[in-house]
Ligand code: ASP
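Only one chain is given next, in structure tokens, and it is the form predicted alone.
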């Protein structure tokens, strides 16, 4: 039980039926007789550890515990793999909390007994989600159609990540009200869109003013699709449609979380603006008279003490449900183990494991594959659905994603940049274990790979033409901007960021005003929106709220990259407008996105590819835009013929 995904909806409903019969009668009181549970907690805990231990004892079992792993052999340098092997020989089930994302999954690979995740870093906390769902069902009945507003630190809150997946599976509406700079991670939003077909829209903060006024919200719903995230101009008509969509929503529950200070970087990530808080004003709002308030606890100051005496404050009841729910889970897992049935949903997904000793690392610095590589085998789920048909690797341990830049064929020892036209070839190599992935040309060549033969290419823009295009787009942007100093230029990393800086320099020269520049990283460490370093060293996320945003990229083709970038912008706040500037527009769209400013239009082609070369990236070349061709291999055993210059 590592993720909430390890249980099907049917199994969760079965757990709830079991929990309804707890605390146990005489029969249930002996369900775990003779069994031993070991609780290994690498982080502090009150409710989770004690409720698990209480549950085990009420079922007739016994407990051995390490409530503080700093006093265990971990302090001497013992790996989590060795700890799992040893403790599994003393107990029949392990309950583990760890500070590293994916650490519990790693321990489960070495333990010979069931392992339950009691919270791993900022990743997931599935048993807390079971308690949350059970509480909601008790208070509100059917989960389908409920509207739950989730407030606070959504970036680091592991309880939140498990909860939104589960709410989506059961058909609830989700509104996320994040503190500034603590928005829901992009990989979580993409999973909601990809697997549960949830849509995203920004909701004005005054719709929830009884909670917080400085922070916008996003509304995720499976039943009212909209196109707002595809617009590059947030016009009055779009805003009117959005307002009608969200008006009249009955809020069934507020789920509030504390600021997870222990997971924040030393320099802090809180940003500006208020932190969502349920206080006296909420208690007086008639529209929330039947809205319950939940909290995984411990609380700090995000809940008013006055709410303790209000019938809507159900967080202590929520904590009490931890015992019957965890009793049900333990009984369920032991019975499944005894009958030989799989007690959790099987993960039947093909995983990529690098055949080379130096594989690209997970993008998440707190992933167990990076913090303790001796206990892990880095593996990734392969997604062929990235922006522009990109190849994405999703970490098996922590779910963070990284975009593949270069791929290699282990038998031919050749490499090339990944392209959507090579999708079937990559699937074939993956199936035969012949796919190698690299994060740079240097990485590939250090492993003894050589580039595929290069061929002729056609230049369509030279250095002067690119300079003229940037100047012309800057003039058009300035002409349409009423307040240049309110502009925010956001480049999509990498080449979009350099173009954004060039556009900002032109704007500053023409307007004599300082122009703020930032960048969006669609796949990376999790800091997906950040201010580009300036003279005063600021690197925090820029504010997009009520700003005129200019989104910049080098090439637009399918529109998928822009869609993801818009998602990142909108989850951070509601800009007054978003306009799109691209150096090259290739035509053909999967998404209805139209650039506002274009350096050069070229015809769409299935066989031809466009590459923008910038001196900041290429370093040994001048600026230029080239067209090259890719020919798919006729024989799957042969490497593809690629006509390009690396």
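On a predicted model such as this, the values are computed, not experimentally measured, just so you know. Residue numbers count along the first chain shown, from 1.
Only in words, not in the display: the form predicted together with the named molecule, which the text now covers.
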Quiz prompt | the named molecule contact at residue 161 in the predicted bound form, heavy atom, 4.5 Å | solution = no
Self-check item: Proximity of residue 297 to the named molecule in the predicted bound form, heavy atoms at 4.5 Å
Solution: yes
Quiz item: For residue 414, is any heavy atom within 4.5 Å of the named molecule in the predicted bound form, or not?
Solution: no
Quiz item: Does the named molecule get within 4.5 angstroms of any non-hydrogen atom of residue 123 in the predicted bound form?
Solution: no
Quiz item: 471, 501, 258, 545: which sits within 4.5 Å of the named molecule in the predicted bound form by any heavy atom?
Solution: 258
Quiz item: Pick from 97, 155, 557, 394: which has a non-hydrogen atom within 4.5 Å of the named molecule in the predicted bound form?
Solution: 97
Exercise. Please determine, with the chain shown alone, which of 297 to 305, 426 to 434, 403 to 411, 502 to 510 has non-hydrogen atoms within 4.5 Å of the named molecule in the predicted bound form.
Key: 297 to 305
